[in-house]
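As a starting point, one isolated chain is supplied in C-alpha cells, in the form predicted alone.
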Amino acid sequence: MIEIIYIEDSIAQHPRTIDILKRFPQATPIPCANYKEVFNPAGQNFRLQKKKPALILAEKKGNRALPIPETYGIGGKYNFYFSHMLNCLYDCRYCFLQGMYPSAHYVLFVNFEDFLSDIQSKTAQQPEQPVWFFSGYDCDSLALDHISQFTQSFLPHFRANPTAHLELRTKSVNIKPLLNNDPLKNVVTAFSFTPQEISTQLEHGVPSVSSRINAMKKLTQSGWQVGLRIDPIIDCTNFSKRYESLFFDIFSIIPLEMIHSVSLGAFRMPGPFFKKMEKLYPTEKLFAGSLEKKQGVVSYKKEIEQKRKETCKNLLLQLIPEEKLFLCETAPETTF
C-alpha cells in the first residue's frame, strides 16, 4: 500500500522509524529536512494524491495535547486532543481535513514518548479528577494502526494511569489491537455513524454500518466500552426514518450498559475549508444543500439544524438515559 516513505532528518534513527522501514521494505525512502516541505506546499493535487498517498515520518514539536472547544466533550471537565497522525485512510466528502490540508499524504509523528509525556503532565495537574484525551480528529484512530502501532504504544500508559481517559474516534473495524488487550475502564472506542444510504454516498472506503456494529459487538463482548458519534448529522429525505433505523440497528445489538456516551453534532465547516472543498467536488450534492455561512462557519440553516438535532435527540432519548447524551454545539471557526 505504501510505496514512498518520506523521513524527516530529526527522526531518521528513531526506533519507530527503523521498525516501520523494516516492515515496508518495498517502499522507497526519501529523506527530508522537515515534513512541511512535502506536506505544506500549495498547488498539490489532493484528489490525485488520495489515490496513492505517501507516508511521511516526522517529529511533532511544540504543544502535543491541546484543549478542545468548550462546546465539545463527553462529560469531563478537563479535555484535550492530540494528533499522532494527520490525514485519514477514508474519503468522506464532508471531512474538513480535505479543506484544511493541501496534501493527502499521511503524516505519522513517531515521537510517541513525547505525546505520552505531555499527556502525563496534563494528567498530573489534576490528580483527583479524570482528564480526557481525544484521538481521531485529524486522523482515524484505528484505521492505520497496522502502520503506526499506536494502540499498543498508548494503552499501557492509560492502564498505568486510571485518571487519564482516552477516546479512540474511528470508523474502522480494525479492533484486533484492542481485542488483544484486557479491557480498560478509562478507554472508550467511539464509532462514527451516518445511515447506510448516506454512508454509501459520502463515506467512500468506510466499512459498512453493519460491519461497524459487529465490531462494536465484539468489543463489548470482550469488556470494552464503546461510544456512538452521530457526527455530522446529514440532512436527507426520509430523515427520521433513516436515523431511527440506524439507532434501532445499533441498540438492538449493543448492550446499553456498555455504551459510554452518545454525541450529536451537526454538519459544520470553517468557511475557507468549505470553499476549497467546493472546488474539489464541484458536483457534490451535499454542498448544494440548505447551507449558510454564520460567523465564519458553513452549516445547515439554523431551523434545519435545530430540527434535525432535535429529531435525533428525541429518538435517542427513547433508547438511552439523558446523562449519556451530549450535544456538540457549533462554534465559530471550530477546528481541532
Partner chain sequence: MNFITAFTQEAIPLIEELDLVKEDLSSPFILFQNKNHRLVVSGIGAQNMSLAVSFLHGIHPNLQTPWLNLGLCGHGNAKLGHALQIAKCQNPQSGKSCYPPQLFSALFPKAILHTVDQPTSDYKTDLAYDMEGMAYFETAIRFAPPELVQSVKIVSDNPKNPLSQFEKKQTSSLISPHIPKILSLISEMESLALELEPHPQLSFIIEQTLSLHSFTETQFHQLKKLTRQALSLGLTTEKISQISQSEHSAKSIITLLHNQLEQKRIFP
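Predicted, not measured: the structure shown is a model, and the values here were computed from it. Residue numbers count along the first chain shown, from 1.
Only in words, not in the display: the form predicted together with the partner chain, which the text now covers.
Student: Looking in the predicted bound form, any heavy atom of residue 218 within 4.5 Å of the partner chain?
Tutor: Contact check for residue 218: no, nothing within 4.5 Å of the partner chain in the predicted bound form.
Student: Flag residue 294 as yes or no: does it have a non-hydrogen atom within 4.5 angstroms of any non-hydrogen atom of the partner chain in the predicted bound form?
Tutor: No - in the predicted bound form, heavy atoms of residue 294 and the partner chain never come within 4.5 Å of each other.
Student: Please check if residue 51 has a heavy atom lying within 4.5 Å of any heavy atom of the partner chain in the predicted bound form.
Tutor: Residue 51: yes, in contact with the partner chain in the predicted bound form.
Student: Look up in the predicted bound form whether residue 67 has a non-hydrogen atom within 4.5 angstroms of the partner chain, and give yes or no.
Tutor: Taking the distances in the predicted bound form, the answer for residue 67 is no, it never comes within 4.5 Å of the partner chain.
Student: Picking from 235-243, 208-216, 115-123, 67-75, which part of the chain touches the partner chain in the predicted bound form when contact means heavy atoms within 4.5 Å?
Tutor: Result of the contact check: 235-243.
Student: Counting any non-hydrogen atom inside 4.5 Å, which residue from 306, 40, 45, 63 sits next to the partner chain in the predicted bound form?
Tutor: The residue in contact is 45.
Student: Taking the partner chain in the predicted bound form, which residues along 268-289 bring a heavy atom to within 4.5 Å of it?
Tutor: Residues within 4.5 Å: 278, 282, 283, 284, 285, 286, 287, 288, 289.
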